[in-house]
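Only one chain is given next, in C-alpha cells, and it is the form predicted on its own.
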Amino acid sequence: MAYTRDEIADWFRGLQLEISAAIEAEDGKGRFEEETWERPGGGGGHTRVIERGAVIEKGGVNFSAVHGTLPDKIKSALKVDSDAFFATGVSIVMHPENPHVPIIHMNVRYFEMNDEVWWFGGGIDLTPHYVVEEDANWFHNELKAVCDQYDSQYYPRFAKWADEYFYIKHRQESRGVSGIFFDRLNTQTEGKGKAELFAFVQDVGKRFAPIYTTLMRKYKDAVYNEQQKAWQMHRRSRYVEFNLVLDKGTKFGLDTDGRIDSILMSLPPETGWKYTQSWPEGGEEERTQHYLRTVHVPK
C-alpha cells in the first residue's frame, strides 16, 4: 500500500490523542490542554500540554503537519535540491515531579519533497535523573523487541546512532541511557517499501505509552529529599543544554518558522545552573554521573 502524506499525518494525529489519554489515565490528576496553531508558511498543528499533574510536572505531546518552501539553510543541511517540502510527526517530552521518575522523549516523523524524495525518522530515549541499570536494560530490551520484528540490524544500528546523537559533547556525557534514533529511512537506504517502513515507525510510536506508564507507575510514589530535587534540577539543566545547543529538531523548527512555544515545549518548567556544585562521594549522584560518562557514549 502506498500511503499518502495525508494518511500518514492522520495516523500521527491519532497517535497523539492515544498517548495523551494513556498519560492522563496513569497520572490520575493532570489533563492535557490543546491549542491549535497555524504556520504562516503553510500547515500547522496541535500542541497538547499537561502541567501540575500528580506525576507529570510538565509534559507535551505535539502533532504538526507543515508544508511550504524549504529555507536555503535547511536545503543545504539536508543536501536536497527541491524547494517544496511537507513534514509531519509527533514529538513528546515528559518532565516528572518526582526525581525517581525519568524524563522521556519520543519523536516519530515523516518528511517529503515529492513522490521520489521522502523519508521517515524518529526514536525514543530515556533520561533518568538517577540511573537504575535494571530499568535501562528493560527499556533497551523493549526497543530491541520492536526493531527485531523488522530487521535484526535495526537495534544495534539505531542504538549506536542514539549513543552518538544524544551525547552532550561539551559535557562529555550522555544525555541519559540513550535508546534508538534513526533518520532518512527510505527505500533506497533500507531496501524496504514505504508501507513496511511506516509500519516500523508506527510500532515504535505505539510502544511509547506502555513503556512510560510502566515507569510512572513504578516510581511515582517513591520518597525523595531536597538533595534529590537539587540533583533533578542539575540533570534537567543538561537536558536543556542538549535541546538548545545540539538538537536537530529544535533547529529545524526554528529555521522553518515553526511555532516557538511548541518548539520549546520540551524544556522543563524549572531548572538551574550553579557555578560549582558537588555531590556526596560514593553516592547515587556520583554513580549516575559515572554511568553517563562511560556507558552510552560514542565508541
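What you are looking at is a predicted structure, and each value in this text was computed from that prediction instead of being measured. One-based numbering along the sequence shown.
The same protein also exists as the form predicted together with a further copy of the same chain; that form is not shown, yet it is the one meant from here on.
The stretch among 189 to 197, 152 to 160, 169 to 177, 120 to 128 whose residues place heavy atoms within 4.5 Å of a further copy of the same chain in the predicted complex is 169 to 177. In the predicted complex, a further copy of the same chain sits beyond 4.5 Å of every heavy atom of Glu26. Put simply, Glu38 is far from a further copy of the same chain in the predicted complex: not one heavy atom of it is within 4.5 Å. Interface membership of Pro268, defined by any non-hydrogen atom within 4.5 Å of a further copy of the same chain in the predicted complex, is confirmed.
Residue contact check for Asp247: none of its heavy atoms lie within 4.5 Å of a further copy of the same chain in the predicted complex. Using a 4.5 Å cut-off to a further copy of the same chain in the predicted complex, each of Thr47, Ile260 and Lys274 places a heavy atom inside that distance. Contacts of stretch 227 to 255 with a further copy of the same chain in the predicted complex, defined by any heavy atom lying within 4.5 Å, are made by Val240, Glu241, Leu244, Val245, Leu254, listed in sequence order.
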